[in-house]
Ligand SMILES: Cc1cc2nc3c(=O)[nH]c(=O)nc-3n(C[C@H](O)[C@H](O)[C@H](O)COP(=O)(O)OP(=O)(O)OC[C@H]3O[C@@H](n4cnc5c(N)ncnc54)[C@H](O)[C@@H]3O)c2cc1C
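Have a look below at one chain only, the form predicted on its own, in structure tokens format.
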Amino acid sequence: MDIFDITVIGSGPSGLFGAFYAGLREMTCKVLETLPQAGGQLITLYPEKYIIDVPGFLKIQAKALAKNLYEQALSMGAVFRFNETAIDLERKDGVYILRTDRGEHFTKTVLITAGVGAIQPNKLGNQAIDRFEGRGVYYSVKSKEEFRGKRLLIIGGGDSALDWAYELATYAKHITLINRRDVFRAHEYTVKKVKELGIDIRLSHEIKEAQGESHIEQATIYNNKTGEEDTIPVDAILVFIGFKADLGPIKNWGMEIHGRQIKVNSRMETSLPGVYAAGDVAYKPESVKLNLLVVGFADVAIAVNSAKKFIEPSAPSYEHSTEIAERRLKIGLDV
């Protein structure tokens, strides 16, 4: 049987960078992913969205970032297993047995980068709108071109709603953005950009119902402070009001769980020896929680270095990439 130095659970951006970094530390690495492709939320939720908070890029499309991270991990020899869900974890004779719905994997350490877990979008719970799912109601955007020339109603006040209002402004014929609160929760910079577009923004507004035959044709919205109603023509309703998340079987592996997250220390260690968590799934009690890509990248670097020391206590705590490159050249390996 093949025993890997580290097995990464989840191939979102944090997991992909962790797989790459494991290669830098000359650790054999396997990545298990429930989905049929790498990229996590970058691919499943917003592949065509531009991301502006990745260092070194003024902006980069989510699917391009996912592709780059995947290729970077492959360049370091990471092995990927897609369409495979981790179910159980057991340690025997210093080796972890990771059981999935398709078999068993053996590894010295485990790095969990499962994001927020399996996600399902929150729905409005209004049958007058939900009945149009697949006929004009959307909970994610896979292709911006799909909305070209259409009249859109976007619901939500967080980053997803505001980001997509901005992204789709040059595609849609008209956009109405409603938020049930009187303020937005999105980043101030994003809110400023959207307001500069001059789209129809209505705060303290909610949707009452949608009308149409085979497809949505119009929607009735109302001011939740005054009760005043307005019926507007729409071709599509985009709902961005958050997600429900579930860690699934992982939460039963004996680690200390905090809500939907796994508690870790400053070395990204969980309560199980040789098991680490990083990125959105990691709960660090003494740290401010920021669900940012750069935080996930930093987390996995710390976790991989910790795993290296766990396997090989005499190994240096970390190495700079230039030091690694020089050493690899000396022994005849590709840089």
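Computed from a predicted structure; not experimentally measured. Residue numbers here begin at 1 and follow the sequence given.
Only in words, not in the display: the form predicted in complex with the named molecule, which the text now covers.
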Of the residues 186, 86, 78, 175, which one places a heavy atom within 4.5 Å of the named molecule in the predicted bound form?
-> 86
Proximity to the named molecule in the predicted bound form, single hit among 212, 117, 158, 121 (heavy atom within 4.5 Å) | 117
Choose from 22-30, 267-275, 41-49, 301-309 the stretch whose residues reach within 4.5 Å of the named molecule in the predicted bound form, heavy atoms counted.
-> 41-49
With a 4.5 Å heavy atom cut-off, would you call residue 291 a contact of the named molecule in the predicted bound form?
-> yes
Classify residue 250 as contacting or not contacting the named molecule in the predicted bound form by the rule of any non-hydrogen atom within 4.5 angstroms, answering yes or no.
-> yes
With the partner left out of view, is residue 35 within 4.5 angstroms of the named molecule in the predicted bound form by any non-hydrogen atom?
-> yes
Using the arrangement in the predicted bound form, list in sequence order the residues of 9-23 with any heavy atom within 4.5 angstroms of the named molecule.
-> 9, 10, 11, 12, 13, 14, 15
Relative Cα spacing, residue 159 and residue 302, in the predicted bound form - shift of 3 Å or more = farther
Note on residue 243-residue 34 C-alpha separation in the predicted bound form, which departs from the shown form by 3 angstroms or more = closer
